[in-house]
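Two forms, one protein chain; structure tokens for each follow separately as structure 1 and structure 2.
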Structure 1
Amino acid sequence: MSDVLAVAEHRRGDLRPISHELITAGRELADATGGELHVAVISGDVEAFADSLNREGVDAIHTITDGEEFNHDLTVESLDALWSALDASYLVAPNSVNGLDYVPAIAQRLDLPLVTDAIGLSLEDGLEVTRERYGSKVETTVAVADDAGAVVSVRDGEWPPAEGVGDATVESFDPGVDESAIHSTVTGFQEVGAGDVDISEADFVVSIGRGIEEEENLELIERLVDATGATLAASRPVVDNEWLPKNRQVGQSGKTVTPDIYIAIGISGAVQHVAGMKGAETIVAINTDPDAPIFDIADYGIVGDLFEVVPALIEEFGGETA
């Protein structure tokens, strides 16, 4: 029996969706080892976060109250202390900017192998981690030979979020961190593309590809966005043409989004783009090509000219068609 420790993530007062996906991934590992699933939440409104994290499959939640925002030193020191207090063998964390900041350090501190960007986990014959390579064109399996455990960062959108209401114990944990070990502090935030939105946080995304043909046709899509209250995003060709800024790009070289609704307009569905949006709850695809790969993952597909379909959608949502 070996326990699993999952590390929740929050930013600017909000628990990030990956935290609930980590519960699902961590529970899979714990079921395979016969152990318990522990969740750590460090800094911020830990009581509110713990309440949200108390879902089916979680055995214990450990809250660490120091600080308000992510801090590398505090996170590493806290996880090191918590790990020593638990009987865990596997640590799972988000494959995010913050996660990739501290997982190498904690893996080194714990003397455990590190595998990043996991999209699948198996413990049938030791730990096997599924990853993607060559722009998501190839899936590979990494076998971890060390039986002592591992640190794994998990890609968001690959596991469904844990649901239900759990009965986990919630315990405040004091890591006893020496202030001399904290060498940095968060003094504020500066958004990339000041005043713009973060598409990774959107619940409703309308995304466009090369099928819109030219920049002037963005006006039509923006009317749909206004009518639906959605957030505008794009595939790489649109960003490469500088029709939209880089922070609007969805895909392997852009951002990963997991909205409730994702409308893909004029997007063929290349694997690099799909890697960034396949975790959406409902995917609607509009494309003139009935064999476009995007239809393979779409929940609803419309084979038709976007310049005819989009005005009809705008009218349906009560927006201005011209």
Structure 2
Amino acid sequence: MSDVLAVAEHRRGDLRPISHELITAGRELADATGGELHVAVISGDVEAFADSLNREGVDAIHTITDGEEFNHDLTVESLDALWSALDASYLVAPNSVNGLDYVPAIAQRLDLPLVTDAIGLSLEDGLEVTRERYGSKVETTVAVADDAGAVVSVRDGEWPPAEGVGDATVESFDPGVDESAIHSTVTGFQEVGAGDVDISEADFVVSIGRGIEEEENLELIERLVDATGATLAASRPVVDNEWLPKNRQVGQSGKTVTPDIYIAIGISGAVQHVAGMKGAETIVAINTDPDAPIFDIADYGIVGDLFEVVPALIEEFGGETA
């Protein structure tokens, strides 16, 4: 029997949805080990968070009152202390940006094997984690050597959120963190990506990815946008290259869009991109690669070269044909 510790995440006063998904994933593991599911929540309004985290399947919630927002040093020190006080074998945490900032460190601190970005878990003769490689084109299962215990970070949206009301014990935990262990200082937050257009409001989005190859080729997509009245958006590499401003970026670190129609052109469909557009009513993909992951979520697709398909499409709408 071994217990599972799940670590909740919040930002600016709200629990992030992954927190409730982690309860489901953690419960799955705890059921397999026959152990208990513990949840840790650190900083902010821990009382209110604990209320919301008290869902079916949670045995105990540990609140750590210190600071308002995430700080990785505080998180690592607190989890280290809590881990010593518990009898857990598995730590499950979000594969979020803040997860990337503390999960590898706590795994290293506890000298446990780490598997990140899990999309599936199974525990039979030992823990086996399903995850992706090569931008979702290949899936693997990774086995953790028997009885080693492990730290696993979990991709968001892969487990349903835990529901119902649980009867977990809620206890405040004092990790006794020494000031000198806190090295980094968060000095503030900044919103980026403001500007003239708000792509998240658009009904019809044409989005362009690395398949466009060169900045000068963008003009082709602009003509399509002119001819159809669509709103222009892009995947990250196009914005990284500064071919389009940040407010056009769709995805995890950009905007979330929910148009009636989203046409993804030369976009592979990496998970961080999909995070920002999977809520579109209808998704159309144009891509030369029939195995591109974007086709998994598309409703309609064209397997073809954008440099042939897009000009033909512009012509259909009587646009300028270069």
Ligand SMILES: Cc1cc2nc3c(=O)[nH]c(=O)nc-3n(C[C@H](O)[C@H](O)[C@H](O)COP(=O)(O)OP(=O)(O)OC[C@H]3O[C@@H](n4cnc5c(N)ncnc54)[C@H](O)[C@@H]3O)c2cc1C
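Here, residue number means position along structure 1's sequence, counting from 1. By rigid core we mean the largest C-alpha set that fits within 1.5 Å across both forms. These numbers were taken from a predicted model, which means no experiment stands behind them.
Label of the structure corresponding to the form predicted alone: The form predicted alone is the one given as structure 1; the other form is structure 2.
After superposing the rigid core, is the C-alpha displacement of residue 267 2 Å or more between structures 1 and 2? Yes, the C-alpha position differs by at least 2 Å between structures 1 and 2.
Tell me, please, whether between structures 1 and 2 the C-alpha of residue 13 is shifted by 2 Å or more, with the rigid core used for superposition. Comparing forms between structures 1 and 2, the residue 13 CA shifts below 2 Å.
Rigid-core frame, C-alpha of residue 294, shift of 2 angstroms or more between structures 1 and 2: Shift of 2 Å or more: yes.
Inter-form CA displacement between structures 1 and 2 at residue 223 - rigid core frame, Å: Once the two forms are fitted on their core, the shift reads 20.5 Å.
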